[in-house]
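Take a look at this single chain in C-alpha cells; it is the form predicted alone.
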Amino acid sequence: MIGMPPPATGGITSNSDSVFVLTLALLLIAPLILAGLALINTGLGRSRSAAQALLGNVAIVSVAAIVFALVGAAVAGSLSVAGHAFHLAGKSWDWIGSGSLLLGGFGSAPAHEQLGLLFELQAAAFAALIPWGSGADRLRLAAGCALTAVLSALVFPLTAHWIWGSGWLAQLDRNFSLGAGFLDPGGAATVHALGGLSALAVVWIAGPRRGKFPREGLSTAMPGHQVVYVLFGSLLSLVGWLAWNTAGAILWLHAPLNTLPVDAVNTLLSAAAALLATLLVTRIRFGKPDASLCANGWLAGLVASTGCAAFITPGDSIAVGMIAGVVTPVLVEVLELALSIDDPSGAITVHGVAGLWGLLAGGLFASQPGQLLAQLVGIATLLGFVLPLVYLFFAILNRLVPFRVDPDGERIGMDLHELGGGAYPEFVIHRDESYR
C-alpha cells in the first residue's frame, strides 16, 4: 500500500524547477483526453449528426475555458487563500472561493497557483464534454454551449473549491478527523461524477431519441456509426489519462516523485482489467464481444482510476478495474431496457457510476482510519446536493434555451439542420424506419 500523502493546501510542495517543468509538461499532454473523448462522442452518435457532434465538442471546450477563466476561477478560489466560510456547530464551513474575476493577478501568482488553475481549466472542459455525448442526435449546439456555461461558471468551480481548494470537504480531516479529508486527486468527483450526473439530468430533460423506445415497450438498437473513432479515441485518451492522473497526484496530494510511476501503472492496469472484464461479459451475454461496450469498459477503468490510482497497489487497481468492467455493460443495459434511459455515449455509467466507484475504492483501500467515511460524505454530497442542483439549473435553462431540436431537425439529422451540410456528403444517409 502506497502511503497516502496529506491533502493539498497549497499545491506542489516543492517549487523546484524540475517539479514545475514536469507538472507543466504533464498538463500539456493531458488535453489528449479531450481529443479522445471528442472522437468517442462523435463515433457513438449517428452518421447524420457527426459534424455537429464534433463541432460541439470543440465549441464546448472553448466555452468552458472562457467562462471558467472569466468567472469560474473566482468561485473556485485560490489554492492558498481561504474562501468564504460560515460557522455552524463550532466548525468552519468554507463553501465558496474568494478569487478574482477575469483571472486577476494570475500572471504574478506563485507557480503552484498557476499550475492548479491550468488543471482546473482543463477539468472544467472535461466535465462539460460528458453530458454532450449523452445528448447526441437531439441536443442543440446552443443548448450544449449554454449548459457548459452554467457548469463552468458555478457548479464545477463550487465542487472544485470544496475538494481541491480549502473547502469543507477537503477539511473533513481537520474538522471531524476523517482520514485525510475527502480525496479526489484525478477528478473522479469534480469531473466524472459531476459530468455523469449532468448527463443524467440532460437525458431526463431532453428525453430519448425519436424511435428509440417504441410504444410496444421495446428498445430499438441505434448503434454508433463509427466504432473506429470510438476505439482510437479510447487509446488516445489513455495517453492523456496517464499524464492527467500523475499531474493530479503532484498537485493535490503532494505525491513524492518516486511514487508517480506507480500511479501511471495503476491507471493502465485499471483500464486493462476493465477492458478484459467487459470483453468477457459481452462475450457471455451476446455470444461475441461488443466493441462499443468494450470501449466503454476501458474508459470506466480509466475513470475509476482517477479516484484512487495515487494511493493503491497495482493488485488493488486490477480489482478496481475488473469491478468497473463488469458493472459497465450490465448497467448500460439496465438503464436502457429497464429505465428507458437513452444514453448514446454511456456516460452516465462510464463517468458517473465509475467515478463514484473510484471514490469509494479510494476509501476501501485506504490505510487511514476514517477515510472510507470521508469518501462516503463526498459521494452523498454529490448525489444529494449536486445532482438536484444541476437538474434545477438545467430545467430552468431548458426554458430559456430549449435543449431538444425540433422533430424535423432530428429527422433530417443535426448536421443538415444546424450546419447546413453533412459530415459525409459523398455517402447516402438512409432514414430510420421510425421516421417513415
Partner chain sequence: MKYAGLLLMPAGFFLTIAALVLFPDPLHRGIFVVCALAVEAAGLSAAVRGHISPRGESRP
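Positions refer to the first chain, counted from 1. Please read all numbers here as calculations on a predicted model, not as lab measurements.
The next section is about a form of this same protein that is not shown, the form predicted in complex with the partner chain.
Quick one: is Q368 in contact with the partner chain in the predicted bound form, heavy atoms, 4.5 Å cut-off?
Although the partner chain is absent here, Q368 would stay clear of it in the predicted bound form, with no heavy atoms inside 4.5 Å.
Report yes if any heavy atom of W357 sits within 4.5 Å of a heavy atom of the partner chain in the predicted bound form; otherwise report no.
Contact with the partner chain, no.
Heavy atoms within 4.5 Å of the partner chain in the predicted bound form: does R210 have any?
Yes.
Indicate whether the partner chain has at least one heavy atom within 4.5 Å of a heavy atom of P214 in the predicted bound form.
Because a heavy atom of P214 falls inside 4.5 Å of the partner chain in the predicted bound form, the answer is yes.
Give a yes or no on whether every one of V227, A249 and Y424 sits within 4.5 angstroms of the partner chain in the predicted bound form by heavy atom.
Result no, not one residue of the spot touches the partner chain.
The partner chain in the predicted bound form: contacting segment from 317 to 325, 137 to 145, 199 to 207, 183 to 191, heavy atom within 4.5 Å:
Selected stretch: 199 to 207.
Please tell me which of F232, W95, F176, F106 lies within 4.5 Å of the partner chain in the predicted bound form, judged by heavy atoms.
The residue from F232, W95, F176, F106 that makes the contact is F176.
Only one of L54, I29, A35, L383 comes within 4.5 Å of the partner chain in the predicted bound form by heavy atoms, so just point that one out.
So the residue touching the partner chain in the predicted bound form, by this definition, is L383.
Suppose contact means any heavy atom within 4.5 Å; which members of 148 to 177 contact the partner chain in the predicted bound form?
The stretch 148 to 177, when checked against the partner chain in the predicted bound form, contributes W168, L172, F176 at the 4.5 Å heavy-atom cut-off.
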